[in-house]
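Next comes just one chain, in structure tokens: the form predicted alone.
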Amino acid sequence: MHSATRVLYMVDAPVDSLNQERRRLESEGRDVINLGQAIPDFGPPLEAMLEFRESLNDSALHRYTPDPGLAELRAVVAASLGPKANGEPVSADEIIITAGANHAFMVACAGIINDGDAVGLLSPYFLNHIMTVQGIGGRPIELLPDESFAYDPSAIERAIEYYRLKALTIVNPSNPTGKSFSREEVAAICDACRKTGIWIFSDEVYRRFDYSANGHTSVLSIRGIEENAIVIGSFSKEFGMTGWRVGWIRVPRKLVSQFLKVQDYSMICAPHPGQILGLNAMRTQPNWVASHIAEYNSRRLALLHFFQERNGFQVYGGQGAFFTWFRPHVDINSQTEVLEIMKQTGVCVMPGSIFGKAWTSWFRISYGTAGIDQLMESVRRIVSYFENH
């Protein structure tokens, strides 16, 4: 007896397996600094939590919500997206509340992708995206940037036509690199999708974590793309709610009824308690990240400065999310190396190999959970590890 073929050949869940090894070391008394999984070190706003306590007395909290989610929550999410490029506001009818951003991406793929359809992933891609495309029966196509991590719109357009892509996936800001796409870059990528008539899946989970001068650019702000655009977001990072599993997806109206079929068979609805807490957070502190962004930016700059001062490393200076993307100037297998790094230094980082075939020697640091002192101690240990090997 075997599992389904597409699951059998799907990549493993690397974050979970690495966390298992981390927990094993901790059970032996080791103190491991976790710079691996993408988790912020703040929780939901206190006001939102206090309001949530009051809702515990409401018996409705323990029941299903409508499939697309609470109407009030859909409305505040829609309002947070601002007007589309055509001047129309995003409607609550275009929003479906999901069980996190991963579930939102699964709903999008299941609603759009047929068996064998090709889906372009701007590489390095978010690892769960390739797992979902494989799991849904699609063909992931890795599209590489140039040495400065810029994507050539002409090359994207050629890839769309050559591979007959059904959709293109962009993560902005990027997980794992922290790249914040400029408005010009987003517009050029959207234009390639619009001209070729394909869908664009835009993962904007880290939209509030953008340190660039002009801030985050949503695909919805690009004229002519709104009917091709499926936008994904989450409460997990914006409000420190990773365990509550609540996200959202913006869908063109013509697809909503079809996507709700996927929502119903996969989840029925997002967890009711998580929706209530998310609604409270959006109402009381809609830009909760703003109170943390200066601290996160200081961590980002400290890491970039640290690596830029060392000749033996290449670092990408991303301006978004909470990741630093780096590599030593040697060809190594980061998949196995992270285990040795964790064993010998007590620091957990993510291997670049899980974000695309071209990134075997790269590593991702998540600075979401470590204060500046702990963070700098961690990278000193990592640099010492490579210098001694």
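Values in this document were obtained by computation on a predicted structure and should not be read as measured data. Numbering starts at 1 and follows the sequence shown.
Quick note: we don't show the form predicted in complex with a small molecule, though the next part is all about it.
Review point. In the model of the complex, does residue 38 have a heavy atom within 4.5 Å of the small molecule?
Key: It does: once the small molecule is placed as it appears in the model of the complex, residue 38 has a heavy atom within 4.5 Å of it.
Check your understanding: So in the model of the complex, does any heavy atom of residue 100 sit within 4.5 Å of the small molecule?
Key -> Yes - in the model of the complex, heavy atoms of residue 100 and the small molecule come within 4.5 Å of each other.
Review point. According to a 4.5 angstroms non-hydrogen atom cut-off, is residue 245 in contact with the small molecule in the model of the complex?
Key: Residue 245 belongs to the contact set for the small molecule.
Review point. How about residue 207: is it within 4.5 Å of the small molecule in the model of the complex, going by heavy atoms?
Key: Contact check for residue 207: no, nothing within 4.5 Å of the small molecule in the model of the complex.
Check your understanding: Residues in which of 281 to 289, 219 to 227, 137 to 145, 171 to 179 have heavy atoms within 4.5 Å of the small molecule in the model of the complex?
Key -> It is the stretch 171 to 179.
Review point. Considering 296, 199, 306, 126, which brings a non-hydrogen atom within 4.5 Å of the small molecule in the model of the complex?
Key: Only one listed residue qualifies here, and that residue is 126.
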